[in-house]
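Here we start with a single chain on its own, the form predicted alone, put down as structure tokens.
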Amino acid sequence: MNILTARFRLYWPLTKPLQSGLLLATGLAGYMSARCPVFHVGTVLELAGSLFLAIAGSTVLNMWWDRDIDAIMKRTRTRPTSSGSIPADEVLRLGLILSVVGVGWAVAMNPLYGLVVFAGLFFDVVVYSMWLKRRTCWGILWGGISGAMPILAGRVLGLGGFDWVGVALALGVLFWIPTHTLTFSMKFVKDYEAACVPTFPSTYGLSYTRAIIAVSSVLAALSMGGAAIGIGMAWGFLRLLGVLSAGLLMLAFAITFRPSEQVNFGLFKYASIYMLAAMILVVIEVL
């Protein structure tokens, strides 16, 4: 048992549990937002299982693919993949197994839901990581599309199809991702430069990057607000969402007009809190 525990502790970080957990939360919120006539606990558990495996699988595959540049960057050189504590072929095998099981499970539940889950994995691993990440800073757009797929997948599973609210929810996540990731790339710009990975700060400069963050934050807040109205969120919950969005916008504009390391770090942290809190509001309001 100690051996199994040790192996689990070694492999678990490959899934980036906090990141995967946040994306899973968006998927669950997307499903709950559909206000399904009959609430099936079994379906929710299957959604959570299939979506987590697919998200974790794509994350592990990304870690396997990026192990060479991760070994160069200071903040990532201790990862199991870049430090060599786990053989590369084992990481690849784990990523493929998790991905195939997760997507296969999703397809078995509902083909359209499975298609959206697969699209998220494909955009993340193939389009973003393997094709664009090392070529252009605009690859982040496609990475954002993959991050928006879990909430859209949950909505599709709940409704049995697409609607404008699902698209608005997906856009809310898509526009939120630059706020989260660009603040991160500004903090570790030298790491990315050392690994020859193009970022907005290294390509266009800090002022342009901060402007992009401000614009994307506004669009994220508008998209989430529009989706909340489309869901039929009660006025009290809408006001809470408005307060959360106001905090996001204040920090985004602060980083534009009064930039500092403290504001940058604060926005990076608050962006995750904002998205998680927004998803919790959606779930609680529906319940």
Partner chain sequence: MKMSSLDRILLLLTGLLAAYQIAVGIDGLDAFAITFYTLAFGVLLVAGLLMLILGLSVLDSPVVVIVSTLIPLSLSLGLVWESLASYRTPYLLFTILGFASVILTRSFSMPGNLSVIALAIVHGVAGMVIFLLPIVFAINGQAGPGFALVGAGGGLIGLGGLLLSFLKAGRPILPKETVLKVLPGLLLVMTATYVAGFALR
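Numbering follows the first chain given and starts at 1. Please read all numbers here as calculations on a predicted model, not as lab measurements.
The next section is about a form of this same protein that is not shown, the form predicted in complex with its partner chain.
Annotated contact segment (heavy atom within 4.5 Å of its partner chain in the predicted bound form): 240-248, selected among 22-30, 240-248, 40-48, 225-233.
By the criterion of a heavy atom within 4.5 Å, residue 265 is counted among the residues contacting its partner chain in the predicted bound form. The closest non-hydrogen atom of residue 18 lies beyond 4.5 Å of its partner chain in the predicted bound form.
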